[in-house]
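First, one chain by itself: the form predicted alone, in structure tokens.
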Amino acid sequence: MKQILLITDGCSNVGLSPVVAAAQALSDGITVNVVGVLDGGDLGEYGAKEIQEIAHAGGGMSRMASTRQLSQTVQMMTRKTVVQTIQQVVQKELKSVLGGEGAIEELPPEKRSEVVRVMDELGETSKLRVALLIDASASMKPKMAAVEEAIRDLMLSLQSRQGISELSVFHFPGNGHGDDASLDLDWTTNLSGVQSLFPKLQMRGTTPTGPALLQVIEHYRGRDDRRRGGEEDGMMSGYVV
């Protein structure tokens, strides 16, 4: 399961629309989920609208959070989107077998309970890939301590899963002049080193959310190209309904 988890206050102002970029991610099989850390006023309302549109285009969820709620929101969204993705795969499998809508509710009770059990198991055991994309524009500076705490708690949550959780981390704008995003941590299952990245973040400049999303999509493509040739089994391959 491939996800981009974007943490931002919205209001992108450079380059391609992040809504268009999120749609591109979805077409590549990558779900885009967005956590908004918002201020009040008109700017906050504009940011909230953009955040909702990005998540909708990326097939994911959006949640708005204050700095105090951020840690809980990030963990909840990551877990919930895993469940949502599994439900979508199961429904697709059922539709191919049953025809019509292929809804779980259409199954006999004993089959329905078995499908629910499988879904619960897959939620804990499936491989999960999360590309974390952090808005490090100047407007996010007062919120970064809350973001750091949220990411620390997210790492603990991912480490508690039975399945493999793989992570990469980007921030935007990038470190170099004109860079849309910078890669801080390449794909790894060693989640303990994420916290060391935060002191290195330079909070500055504009908000190129769309170009940053495109860069993460390309990073996913590069990883998939390297792994091609050793195709992995599908999520439901070991289960028969």
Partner chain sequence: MVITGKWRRRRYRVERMLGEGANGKVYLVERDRRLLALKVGADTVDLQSEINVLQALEGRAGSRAEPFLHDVDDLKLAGGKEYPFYVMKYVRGTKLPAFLAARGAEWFPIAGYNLLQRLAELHESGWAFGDLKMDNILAAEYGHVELVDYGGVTAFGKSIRQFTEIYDRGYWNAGTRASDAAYDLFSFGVLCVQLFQEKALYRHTAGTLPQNRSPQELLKLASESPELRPFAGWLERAFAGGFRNAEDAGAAWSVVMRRIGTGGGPKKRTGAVPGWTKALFLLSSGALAAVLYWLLLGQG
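Residue numbers count along the first chain shown, from 1. Just so it is clear, the model here is predicted, and its values are computed rather than measured.
Same protein, other form: the form predicted in complex with the partner chain, not shown, and the subject of what follows.
Contact check for Met119: a non-hydrogen atom falls within 4.5 Å of the partner chain in the predicted complex. Contact annotation for Gln88: none of its heavy atoms lies within 4.5 Å of the partner chain in the predicted complex. At the 4.5 Å threshold, heavy atoms of Lys200 stay clear of the partner chain in the predicted complex, well away from it. Contact between Ala138 and the partner chain in the predicted complex is not found at the 4.5 Å heavy atom cutoff. The partner is not drawn, yet in the predicted complex one stretch among 207-215, 184-192, 65-73, 52-60 has residues with heavy atoms inside 4.5 Å of the partner chain: 65-73. The contact residue chosen from Val169, Leu107, Leu128, Met144 relative to the partner chain in the predicted complex is Leu107, the criterion being a non-hydrogen atom within 4.5 angstroms. With contact defined as any non-hydrogen atom lying within 4.5 angstroms of the partner chain in the predicted complex, the contacting residues in 140-173 are Glu149, Asp153, Leu156, Ser157, Ser160, Arg161, Gln162, given in sequence order.
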